[in-house]
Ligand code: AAL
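Listed next as structure tokens is one chain, alone, in the form predicted alone.
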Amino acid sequence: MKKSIFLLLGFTFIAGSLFAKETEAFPYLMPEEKPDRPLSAAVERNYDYLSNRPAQNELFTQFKYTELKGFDYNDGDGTVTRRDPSKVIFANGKYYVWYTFRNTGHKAIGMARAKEATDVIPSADWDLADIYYATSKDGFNWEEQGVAVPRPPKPQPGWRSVTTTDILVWEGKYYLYYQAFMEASGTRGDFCPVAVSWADSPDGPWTAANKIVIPNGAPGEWDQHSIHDPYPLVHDGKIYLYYKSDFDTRPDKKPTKVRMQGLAIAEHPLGPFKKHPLNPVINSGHETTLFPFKEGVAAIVQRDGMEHHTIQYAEDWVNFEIAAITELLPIAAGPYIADAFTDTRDGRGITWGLSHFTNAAGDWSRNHSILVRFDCDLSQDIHDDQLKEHYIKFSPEFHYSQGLSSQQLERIQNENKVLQESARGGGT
């Protein structure tokens, strides 16, 4: 009898222990490494980030913005615009940046009215533009130096507009890649290939290669119409040039097109560039911004697509994963990247750069863009607690500015009217 009692007690203890282990709650002190236990999809995913807390994630940051000194916009009347800054480089004891500059004397009439554009009246904010550059000692106060790459004579690529440039430093020479428009934007969309100019000095003079270096894709391919935002970095002894394309245009869907990012690789700045077979390599984003980070490359993915408002990372420079989700990402960011062209295997990251604000007047009839400085902590070399705060508090006034439209209010009022009439008819 005693033996039976002891056996029963032993079985109860073992069964209780197994049951307790099977139903053990997730621990109060969260393990730094993924625990060997069943996890929900959400907690499993939490361990895929660089850290399980935003403040300790080196690829999480908030962004701070500062007005730049040294640029005039003709009282914001819409005739002067500066936008799409390149990466910032440091040379000759100062910072350099290149950007799209439009000074047309006429406001842009809009892509929808592209057929009304002329040789002096632009369709889009970036139509009839040249590439200018500016220098700075501190990154806040800038001095415009003038034109770097003007529009070439017709019919050379870019005769209509040269825009959205970016810089490459390679074997002691400087290369500017840019969108080369040969028609007013809006005529058939925003179609253009990529061209390039080179110089022995960041101050020029710049010599145009007078050829398309990254052609559009063949008919039916995702990048058949646009190769935008060329963005070169150096990796594995080659030029890795990332770019954006618009595709899958369907007027019946919202948005009416999809934007993704591709990659083309070359062993020389003038090409030939070979597009990566896995293109597109990033499934979201508008303008293209990347920087070496540790052994891989990080990307600021903002504005468009299912994974907008994220910082992404690809250790192999091709297959990107979300590293962080954040707010107020810079538009058309051109960061200062000290090791952009050093073929580093330990990218240090970024802390500042330039970007732009579109419709800076808040009035589309005077549409123009302005350059702005952003600061962040996407760096291995600093840790700024103020830039690692995990949320931004927006004022009530900001939220009210995102209020309902008159059409939405009318819809809601009609819905309420139908409900009230139905209630009266039902006697309730």
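Just count from 1 along the sequence shown to find any residue number. Nothing here was measured: the structure is a model prediction, and the numbers come from that model.
What follows is about the form predicted together with the ligand, which we do not show.
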Any chance 82, 178 and 197 all have a heavy atom within 4.5 Å of the ligand in the model of the complex? no
Heavy atom within 4.5 Å of the ligand in the model of the complex: which of 320, 126, 291, 352 fits that? Just give me the one. 126
Work out which of 190, 144, 307, 203 lies within 4.5 Å of the ligand in the model of the complex, going by heavy atoms. 190
So in the model of the complex, does residue 229 come within 4.5 Å of the ligand, heavy atom to heavy atom? yes
Tell me, yes or no, whether residue 244 is in contact with the ligand in the model of the complex, where a contact means a heavy atom of each within 4.5 Å. yes
Proximity of residue 223 to the ligand in the model of the complex, heavy atoms at 4.5 Å: no
Evaluate residue 161 for contact with the ligand in the model of the complex, applying a 4.5 angstroms cut-off between non-hydrogen atoms, and reply yes or no. no
Look at the stretches 67 to 75, 148 to 156, 333 to 341, 283 to 291 and give the one with heavy atoms within 4.5 Å of the ligand in the model of the complex. 283 to 291
